[in-house]
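Included below are structure tokens for two forms of one protein chain, each presented in isolation as structure 1 and structure 2.
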Structure 1
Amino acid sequence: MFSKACEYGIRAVIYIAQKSLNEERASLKDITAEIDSPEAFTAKVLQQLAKAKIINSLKGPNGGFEIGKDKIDSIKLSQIVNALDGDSIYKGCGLGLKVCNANEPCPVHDKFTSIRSELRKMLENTSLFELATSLETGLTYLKR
């Protein structure tokens, strides 16, 4: 469904959000320990997310990654996915035709777009805040 980069990215951002809600910063080591992901690769992903202004990065001692507390509620899952995997998830054809096009639909177009639209709605309606909160309250996990 999502690329590895995207999976790590989502997990990382949720963790960073949780820390940020507690007024704390998360360092790369901190993050990779918490989400159990490869350090150097995760660093690249975080860099991408920083460029996309989804997270904030600070160098130097006591540096790390954070997200403005006010932004956490407005950031949606869709933005993270978009920053890392682009929009192929929306515009691609389920059977691999160049683009999805209702005028010359592939045989699964109708059924596929219906599910994809559900997915899109879900991503657009899911806020970082609710994900971070479920983590904070111990209802959900980022590694296992």
Structure 2
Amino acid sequence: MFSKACEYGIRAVIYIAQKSLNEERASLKDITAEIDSPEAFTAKVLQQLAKAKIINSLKGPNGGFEIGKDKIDSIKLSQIVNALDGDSIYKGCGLGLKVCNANEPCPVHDKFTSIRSELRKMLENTSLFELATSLETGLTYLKR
């Protein structure tokens, strides 16, 4: 459903938010170890997220990645997805056909339309704070 970049991006931002809630910065090495992702690829993803102003990137010996505490509750999962994958998740065909719409539907078009609608609602209504705190309390995990 999401690109690999988006999957790593979501996991990284949740981890960075959790660290930020504890007034800590996350290094690239810490992030990649915690979310089990390749370092070079994750660095590029984090660069995109910093450019989209979802995370802050600080250079230097005390640098790393962080998110302002006041911003964590206002960031929605949809913002992370849009920054990395755009809105194609809401528009693409469930079977990957180039032309798929209400006039020329694929076999799963109608069912997929309702799934996409529910997915959009979930992404737009899920805050980063909610995800970071469930991680903090041990209710959820970023790697197995």
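Residue numbering: structure 1 sequence, from 1. None of these values were measured; they are calculated from a predicted model. Shifts are known only where both forms have a C-alpha. Heads up, when I say rigid core I mean the largest set of C-alphas that superpose within 1.5 Å between the two forms.
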property	result
Form predicted alone - which displayed structure it is	2
C-alpha of residue 110 off by 2 Å or more between structures 1 and 2 on rigid core	yes
After core alignment, residue runs (3 or more) whose Cα moves 2 Å or more between structures 1 and 2	91 to 112
